[in-house]
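The data below hold one chain only, encoded as structure tokens and taken in the form predicted alone.
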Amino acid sequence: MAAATTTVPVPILEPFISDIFTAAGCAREEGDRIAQFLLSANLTGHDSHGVIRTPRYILWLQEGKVRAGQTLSVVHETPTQAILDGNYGFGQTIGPLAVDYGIAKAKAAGMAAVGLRNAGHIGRIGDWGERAAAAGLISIHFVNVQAGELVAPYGGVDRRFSTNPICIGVPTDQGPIILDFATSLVAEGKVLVASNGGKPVPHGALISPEGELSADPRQLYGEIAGTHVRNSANGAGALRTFGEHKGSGLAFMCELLAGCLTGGGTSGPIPGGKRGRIANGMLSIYLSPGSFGTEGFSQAALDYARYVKASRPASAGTEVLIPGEPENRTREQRRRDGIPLQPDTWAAICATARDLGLTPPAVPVPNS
């Protein structure tokens, strides 16, 4: 039997999330922007980076770990490069500012590399690949989390990496092709969803301190009964990388590029062994296809995508998908039908709203 869900229509959920952030101290414009990007993750099926993050974001804001109303500071700059500091602002504010900075440079010079440090959680990185693609640019993004150890390296059990996503966005005349994945077997947010009664993570996505493979969210969060806001510092286990040594190697390189090169710092070691404020680092490379002198790039990309999709399916009734297709289909369906949330997720969001003096909207009872 499928797990029960509470389905909330987008026109109800998005303004409600904006109201929560506005009540917590954000300007209305920022509240709207945070809600927009959180909903964007849910709409594409990446619930791990969606509104489930709301209680955690509000807690970080109240604890001073993330700041409302921030903008970028330019640390270093050349015509084709920049290091930007996010001043611990919300990633949904700092992220688009940093991407737009890179877009402007690449438009002027044909290519650009922009390092971002000290940004709040910047959410679904596919949003930034889509933003660059909408401007006609190819983009490549490497991300890490300063002081955000969650993932064990291949062959180890102790946390050393964060989930360290990589994203590549390619524009075409028929919409962007977006590859976006965490280098951990599953994103931390998927464990968060599972801990709230959602889709379980695969066995082996987590590992215990004794080296036993697991799917139990308590490896990451400790005891979760009776709690709404999860804290990964309470767990003794770790996430695992995908693809054994290959994913581990990519995660390692994300730390070097998004942590060391940007100057924001790596996932560890964490001073004192206790997690405090975390911050995202991101190295982004922007390329203008026209600056390479190659004619017909979009058509060549689309022709190749069609060729790949024409591969005979391994199983009857299935099809070969290219990067971004599942997200596009889910976006269309959820705009129409609403956002499915686990009851515990919806309860946690509503509890946060009530703590801020808001009355949650009425929604249908959970359905199985």
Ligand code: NAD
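Since we're looking at a predicted model, the values are computed, not measured. The numbering used is simple: start at 1 and walk along the sequence shown.
Below: the form predicted in complex with this ligand, not depicted.
Chemist: Taking this ligand in the predicted complex as the reference, which of Leu302, Ile322, Ala27, Leu59 has a non-hydrogen atom within 4.5 Å?
Modeler: Looking at the other structure, the residue within range turns out to be Ile322.
Chemist: Can you pick the one in Ala238, Ala112, Cys254, Ala182 that has a heavy atom within 4.5 Å of this ligand in the predicted complex?
Modeler: By the 4.5 Å heavy-atom cutoff, the listed residue in contact is Ala182.
Chemist: Given that this ligand is not shown alongside this chain, does Lys190 nevertheless sit within 4.5 Å of it in the predicted complex, heavy atom to heavy atom?
Modeler: Lys190: yes, in contact with this ligand in the predicted complex.
Chemist: Please run the contact check for Glu327 against this ligand in the predicted complex: heavy atoms, 4.5 angstroms, yes or no?
Modeler: Within the cut-off, so yes.
Chemist: Spell out, yes or no, whether the shortest heavy atom distance between Ile125 and this ligand in the predicted complex is within 4.5 Å.
Modeler: Yes, contact at 4.5 Å.
Chemist: Answer for His121 alone: is it within 4.5 Å of this ligand in the predicted complex, judged on heavy atom distances?
Modeler: Although this ligand is absent here, His121 would touch it in the predicted complex, with heavy atoms inside 4.5 Å.
Chemist: With the partner removed from view, which of 138 to 146, 152 to 160, 286 to 294, 83 to 91 is the stretch that lies within 4.5 Å of this ligand in the predicted complex, judged by heavy atom distances?
Modeler: Looking at the partner contacts, the answer comes out as 138 to 146.
Chemist: Decide yes or no: are Asn42, Gly198 and Arg331 jointly within 4.5 Å of this ligand in the predicted complex, with each residue judged by its heavy atoms?
Modeler: Not a single residue of the candidate spot has a heavy atom within 4.5 Å of this ligand in the predicted complex.
Chemist: Can you name the residues of 277 to 297 that have a heavy atom within 4.5 Å of this ligand in the predicted complex?
Modeler: Residue within 4.5 Å: Asn280 only.
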